[in-house]
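Quick setup: one chain, the form predicted on its own, written in structure tokens, and binding and motion questions come after.
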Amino acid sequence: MTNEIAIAVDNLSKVYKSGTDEKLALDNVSLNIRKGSIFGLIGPNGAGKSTFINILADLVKKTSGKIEVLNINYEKNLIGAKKLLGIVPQELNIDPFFTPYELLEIQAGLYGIRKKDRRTKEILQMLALEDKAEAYARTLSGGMRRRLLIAKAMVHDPEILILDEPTAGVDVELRSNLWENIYKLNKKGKTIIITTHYLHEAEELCSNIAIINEGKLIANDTTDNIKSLLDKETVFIEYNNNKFNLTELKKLNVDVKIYDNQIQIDYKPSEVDLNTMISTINSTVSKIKKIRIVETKLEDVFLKLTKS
């Protein structure tokens, strides 16, 4: 991953009008997405995620603002910018009467790619669809159809791949398979942008995350920095006997609760060093059975930010 910017968005706004009614779907959103990153865009239903993606896909026209794709002005050179993007929609819109091979060939033709330059077999192999190359698309499972959508978005070898809810309605095994494909593509240098409702998915996959709520950008940082916004972690200590003195531990400005065979310690990472706390625990609690650290989850931060 470099410091080069793949997509730069400056004061992007979208107002939907219906008669005299107006709905502000995006409200002066500004963000930079680094080249080579896996970037997560998350938010509640109706937050503006799909509007953002649809503007990049040129399915919705922005009301105001500026977009650059790898330094190409989206407004002045729309064709040049769109060639750099591969959009994978959430809906499984696939013609059921064509095979995956045929669908990729048709898509490549639409992009004006000459037959000798097409990578149809290579793309099918990359997404584990080579065995289904000649099967009708209607016979494919949901997970295979999802992978086929990714394959279609890759026929013109875009620098940036945008996946709108890529694992929606997919079971755990197929979700894991799609994650592997996303990592594989990212290792090849592709910038990946994902919208998702699965917060643990964003937490696992994405190096950077932006949170949108009611059209406004309310957070945009590395995944670790966003998780630190909650500034709360918990340590559980299981013990074999209750021969301990917690006086020194309580001096560290932590909240201590004692149960039958367990001590719960809530603390703020910004104020208390974890290593110092563990050392203090070792010196004050005898016969420790197990120590378990519960880190802040992205879901906790998401709920806090969107509710406030």
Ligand code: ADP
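Values in this document were obtained by computation on a predicted structure and should not be read as measured data. Heads up: residue numbers just count along the shown sequence, starting at 1.
Below: the form predicted in complex with this ligand, not depicted.
Residues with any non-hydrogen atom within 4.5 angstroms of this ligand in the model of the complex fall in just one of 48-56, 62-70, 30-38, 260-268: 48-56.
When contacts are judged by a 4.5 Å heavy atom cut-off, residue 25 counts as touching this ligand in the model of the complex.
If you take 64-93 and check each residue for a heavy atom within 4.5 Å of this ligand in the model of the complex, you get nothing at all.
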